[in-house]
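Shown next as structure tokens: one chain only, the form predicted alone.
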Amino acid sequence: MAAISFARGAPAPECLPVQELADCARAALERDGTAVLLYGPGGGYGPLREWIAERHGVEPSRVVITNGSLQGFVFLSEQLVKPGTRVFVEAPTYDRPLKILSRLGADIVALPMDDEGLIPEELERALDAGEKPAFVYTIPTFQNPSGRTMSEERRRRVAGIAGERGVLVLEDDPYGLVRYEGEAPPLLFDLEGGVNVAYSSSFSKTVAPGVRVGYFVFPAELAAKIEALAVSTYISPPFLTQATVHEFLRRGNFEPNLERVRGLLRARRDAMLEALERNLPADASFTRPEGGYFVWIDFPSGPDVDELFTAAEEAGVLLVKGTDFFPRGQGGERSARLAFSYVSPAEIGEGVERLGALLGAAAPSAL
């Protein structure tokens, strides 16, 4: 039985613009080869910094391009977090930042969320309960792992809290442009004015993850510190990949490619939701994201997620445990993340049917 993986948060191979990127890499070398093959500024390839800065209405010096956005998260955390420093995260949240913060000895405070995203009252309550955190980490649009999107009303309240309290909020937005339906809400960065909100994104989901081009827009003083930390870590960024992405943008390939990716992944999202509707037991529930890569399922009856993980693996279905997305694994005991981005619609249907059979066998019978 072939394994079907809902664990891999990566684009399907057919989403990747292989030939276009090959042409862009050659053009970047031919046009600016000396610059991209030498050491250079730690903040990244100048023309790409300028493109990003113009997009966000800031000075290029506030933009720091990193080896994927996760490396920027490491730099920010190493700059601001010491053992015992409080950091606020959503519950659930992306598991990699949890690992990074745990390694640094942070006091990770989990803030509850619901289908409208982070709950502002919980943020205020946590702020009142102790020392100001180093930062608040949120993925407000098509969140990893839940697929949820913070409502505009809550965004305005969170932005207001950041400004009133002088609390740094990191808005991580790798999925926001991968929207299949609905209107995009305003960025927290734009609502707050970019004074107390730092913005993070990546070309991993809109161009290709292998180019490893993420970026941050920081307050000016913090940007300078992060750039210095980057230089001390790797001397110089990988300018060739950054120049390749810039050439891709310069040629006008970005929006057409994004539309193509949206179409390919929309079909997978639709297949996932239809399969879950058909196959999950009546007491199970799941999110219905308007974009992104992930669906979050809750199954209050039946096995805990460790038992389900083992049984699903034996049935040839790979998923990620809900407990992985909570600090210290305290939460998500009957939840799981399913990624629909990599597998085909047919595989999604087959995989969810197998998973539904496992959950249905354990669910209580209807009277």
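Values in this document were obtained by computation on a predicted structure and should not be read as measured data. The first residue of the sequence shown is number 1, and the count goes up from there.
Heads up, the form predicted in complex with a small molecule isn't pictured, but that's what we're talking about next.
Visitor: Among the candidate stretches 250-258, 228-236, 167-175, 121-129, which one is within 4.5 Å of the small molecule in the predicted bound form when only heavy atoms are counted?
Guide: Going by heavy atoms within 4.5 Å, the stretch is 167-175.
Visitor: May I ask whether Ser69, Tyr94 and Lys205 all come within 4.5 angstroms of the small molecule in the predicted bound form, judged by heavy atoms?
Guide: Yes, the whole candidate spot contacts the small molecule.
Visitor: Out of Ile139, Val136, Val197, Ala106, which one falls within 4.5 Å of the small molecule in the predicted bound form, going by heavy atoms?
Guide: Spelling it out, the residue with a heavy atom inside the cut-off is Ile139.
Visitor: Here the chain is shown alone; which of Arg212, Arg157, Arg86, Arg179 has a heavy atom within 4.5 Å of the small molecule in the predicted bound form?
Guide: Looking at Arg212, Arg157, Arg86, Arg179 one by one, just Arg212 meets the 4.5 Å heavy-atom criterion.
Visitor: Taking the small molecule as it sits in the predicted bound form, is Thr244 in contact with it (heavy atom to heavy atom, 4.5 Å or less)?
Guide: Thr244: no contact with the small molecule in the predicted bound form.
Visitor: At 4.5 Å between heavy atoms, is Asn144 in contact with the small molecule in the predicted bound form?
Guide: Judged by the heavy-atom cut-off of 4.5 Å, Asn144 is in contact with the small molecule in the predicted bound form.
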